[in-house]
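The chain that follows stands alone, in the form predicted on its own, written as structure tokens.
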Amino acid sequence: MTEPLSPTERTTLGRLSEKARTDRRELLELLDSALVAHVGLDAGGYPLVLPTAYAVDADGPDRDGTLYFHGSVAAKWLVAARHSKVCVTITEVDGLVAARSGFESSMNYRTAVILGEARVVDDPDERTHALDLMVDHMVPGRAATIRRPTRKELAATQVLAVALWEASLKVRTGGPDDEDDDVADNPWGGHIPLYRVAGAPVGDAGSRGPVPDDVLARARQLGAR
């Protein structure tokens, strides 16, 4: 049975614990909608945090599912992450909170923190599956419509996996938490909702014919007109 979020002391929220979420479905929804993860690791005596594309397999081989990320086999940060403890964070900003005081000014957000050891994906079938997932995370269905990776490309690419077991999810919604005196003294407080909206697909110089259905569907899903 899938365990709830925050099963460990390290991923149980302390401050603002009322904003914690324990339903893994909410975590998976955030991981599905976001596009960029930040991977934090020890890069040989100093902390390093780098952005990366990622993908998730909720039914993956690791406990409670698997998050994959990848890069060049020559990338120093990826080499440092192999078999090492990492912290993966994913954040979506949903609004700007315009409070009546600087102390209560904030943002609305959904943010996940995933802790674990970065496992090297050596199995050829799992590596291919993970790379397809990363293509499809950007444009669903795209991996089936484009050229398959060559042996040279696969040899140049390293895939790492992190279990989704030790994770937390924190969510803030709504307006400011202003003090009653501030509400009485200042007539307006609230928030500015933020949305990610795509533009229409733009073909390159070598493009011929109409925009492919998978690309067009993804653009429309993201609000393109």
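In this text, all values refer to a predicted model and were calculated from it rather than measured experimentally. A residue's number is simply how far along the shown sequence it sits, counting from 1.
A second form of this protein, the form predicted in complex with a further copy of the same chain, is not displayed here; the remarks below concern that form.
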| item | value |
| --- | --- |
| Partner proximity in the predicted bound form: A20 to a further copy of the same chain, non-hydrogen atom cutoff 4.5 Å | no |
| Heavy atom of T128 within 4.5 Å of a further copy of the same chain in the predicted bound form | no |
| Close approach of G199 to a further copy of the same chain in the predicted bound form, 4.5 Å, heavy atom | yes |
| Non-hydrogen atom contact C87 with a further copy of the same chain in the predicted bound form at 4.5 angstroms | yes |
| a further copy of the same chain in the predicted bound form - contacting residues of 188-225, heavy atom within 4.5 Å | W188, G189, G190, H191, I192, P193, L194, Y195, R196, V197, A198, G199, A200, P201, V202, G203, D204, G206, S207, R208, G209, P210, V211, P212, V215, R218, A219, L222, R225 |
